[in-house]
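A lone chain, given as structure tokens: the form predicted on its own.
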């Protein structure tokens, strides 16, 4: 399944959408995914500027796992001469992507393609000069085979930009004034177990050392760079950042509740209670600090 979307930022570290795709109403999830991707726009803009410096003007840019199209539209902005194709497994999300492209005045060079990665990429009319895959690869059971398929859809001299890994997102100081200090670190450990289980449960799942440059090399590409980008929204922060923190912590609470000890569960409940002054909805020390890594590789043969 290739339903990972750009709103899925924290991913296994932020508990974003559970990966039992059949149960997810993407139409219902869309506003949340869109708001989260918009929050991360400064990070994506830095990543785009870095890509643009290292890339001749592409003819075709493909966003593989585009979600509601926030990043696909940023790609359109970054590469004004390029045609953009947003690819996703969810038609409701692609509908939003098209509406966004319309609003931003780039609809004339913006297309969408609905279907499962990586097979759906065979339906592209032309090879891609730039293929951007943001946290969509780890939703595919056989990542090595998927990377080979991505590489196969690149033009000679084309670039694959893969966003995977980075660091767990942080919202709160180590000691928040109640509960045991170090809540984030304990949630990370539970999320890492959950992520491993999610990967193991995927169809045709293959365990792989997550050395992305080595895997890109195995797919016949030449690694050309790695860079980590930061989203730094310091306290006191915005309502949109608060809403993001609440959404992430709610999903973690739903995803790993049964493995949390009673103390941490009570702490999370307080953090999520809009009536509580110490919750993420009100506390003055809430921030968003995220680090996401982009790996690039070029098709040379």
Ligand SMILES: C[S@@+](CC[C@H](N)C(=O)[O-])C[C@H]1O[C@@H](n2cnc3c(N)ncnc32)[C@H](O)[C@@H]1O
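Worth saying up front: this structure is predicted, and the values here are computed from it rather than measured. Residue numbers count along the first chain shown, from 1.
Absent from the display: the form predicted together with the named molecule. The rest refers to it.
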Checklist entry - Quick one: of 143, 134, 159, 169, which gets a non-hydrogen atom within 4.5 angstroms of the named molecule in the predicted bound form? => result 134
Checklist entry - So which of 228-236, 253-261, 46-54, 65-73 is the stretch with heavy atoms within 4.5 Å of the named molecule in the predicted bound form? => result 65-73
Item to check | Touches the named molecule in the predicted bound form: residue 105 (any heavy atom, 4.5 Å) | outcome: no
Checklist entry - Is residue 248 a contact residue for the named molecule in the predicted bound form, using a 4.5 Å heavy atom cut-off? => result no
Checklist entry - Would residue 116 count as a contact of the named molecule in the predicted bound form, using a 4.5 angstroms cut-off between non-hydrogen atoms? => result yes
Next on the checklist: Given that the named molecule is not shown alongside this chain, does residue 216 nevertheless sit within 4.5 Å of it in the predicted bound form, heavy atom to heavy atom?
Outcome noted: no
Item to check | Whether 37, 89 and 93 all lie within 4.5 angstroms of the named molecule in the predicted bound form by heavy atom | outcome: yes
